[in-house]
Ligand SMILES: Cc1cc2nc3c(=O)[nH]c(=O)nc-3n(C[C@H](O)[C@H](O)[C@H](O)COP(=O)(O)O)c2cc1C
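This document opens with one chain alone, in structure tokens, the form predicted on its own.
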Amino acid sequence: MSFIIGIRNFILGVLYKYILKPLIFLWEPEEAHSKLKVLGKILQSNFITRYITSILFGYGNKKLNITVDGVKYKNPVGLSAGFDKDGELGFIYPHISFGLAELGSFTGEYCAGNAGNRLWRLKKSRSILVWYGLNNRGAEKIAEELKDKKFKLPIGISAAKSNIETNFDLDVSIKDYMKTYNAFRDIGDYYTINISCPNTQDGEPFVDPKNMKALCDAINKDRVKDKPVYVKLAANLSRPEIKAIVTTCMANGIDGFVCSNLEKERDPAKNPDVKDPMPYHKGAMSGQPLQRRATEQIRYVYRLTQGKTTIIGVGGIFTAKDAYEKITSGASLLHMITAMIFDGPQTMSEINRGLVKLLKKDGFDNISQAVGSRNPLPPQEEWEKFYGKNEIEKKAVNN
């Protein structure tokens, strides 16, 4: 069966590369996104189109089943936040071989996002330059529409801070996050607190451990039982910054981390995967330019936390090899978008099929056994020397 699905995926990939993608790329990126969303709504609207979609793009294997923080996933390959900003396509994702989908990011207030062009294709870099600015219809409105929906795969809720003010106010910002968190109390299977959107007016103020602790305190005060909470890290953090955020979050009940958000380094001398001239002076990149940094961040966070916390890996996943590298570096789950745009909707099926082959090659019976397998944890003495308690960690625990 795997061989037949491989042939199917090859044919679909060729059709997409030489026929569909050239047509889709005639549209401006945001226009193409809007039109394909309409197609997705049509495909998920009835049993017949969902069944046909499964025949064309589905794949499953029990070796990919994994339970993370009490949530059961059929496979670890998920849709990243940023694609379905208003939570409109949740019923089609399992039929194109996603094992999870993170919706949003949602904000407490309605956000129009940034003005003008907001997406650009970087074709040589296999990347999308993003300057959306968290456009969405607001958490309460979207939650009201989703409250009675029964999804066929685990759903993550990405919460971000409304992008409507240039000045940062800690109390106002925390209330904004909590408005989204509470609006989705009965919706979804986990929450991601997006502190790292690179396209907002007031930057990334929750990189400061004191601000992050205050946000953690607010979440813990009103915590939803049995639903894990993860924090999404910025791509361009230094090791000390990562350590400060991670140790603060771990000391205050956060269950894991999403590694990472979009890449801001545009200089080809510093990031050799940047191969296109930048079409705009703002924005950050998905895809290939993010791949190395995201994997390095996964490896560091996995070792820093002694493998005791959940990591969701995102950035530059185009093939099963890319996905497996992040898993063996320490990620239990994955998010992706860009490969679907550049390579077609059969990509998720092919990645999952390839993961099964890689598991067999390494002698693993289940994907959970591969997590961190090529990133061995240091002995306790070495861990204490390089990753152990410092003043930041002591403050995080004592505050």
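Just so it is clear, the structure is predicted and the values come from calculations on it, not from any experiment. Sequential numbering from 1, following the sequence displayed.
In what follows, reference is made to the form predicted together with the named molecule, a form of this protein that is not presented.
- Although the named molecule is omitted here, in the model of the complex none of V71, Y230 and I327 has a heavy atom within 4.5 Å of it.
- Interface residue among K179, H95, K85, K243 relative to the named molecule in the model of the complex, by the heavy atom within 4.5 Å criterion: K85.
- Note on the partner interface in the model of the complex: the residue among A183, L146, L119, I219 having a heavy atom within 4.5 angstroms of the named molecule is L119.
- The named molecule is not drawn, but in the model of the complex it has a heavy atom within 4.5 Å of M336.
- In the model of the complex, none of the heavy atoms of A323 sits within 4.5 Å of a heavy atom of the named molecule.
- The named molecule is not drawn, but in the model of the complex it has a heavy atom within 4.5 Å of G104.
- Looking at Y302, you'd find every heavy atom of it more than 4.5 angstroms from the named molecule in the model of the complex.
- The candidate stretches are 126-134, 265-273, 302-310, 208-216, and the one lying within 4.5 Å of the named molecule in the model of the complex by heavy atoms is 126-134.
- Residues S286, G287, L290 are the ones in 278-304 with at least one heavy atom within 4.5 Å of the named molecule in the model of the complex, listed in sequence order.
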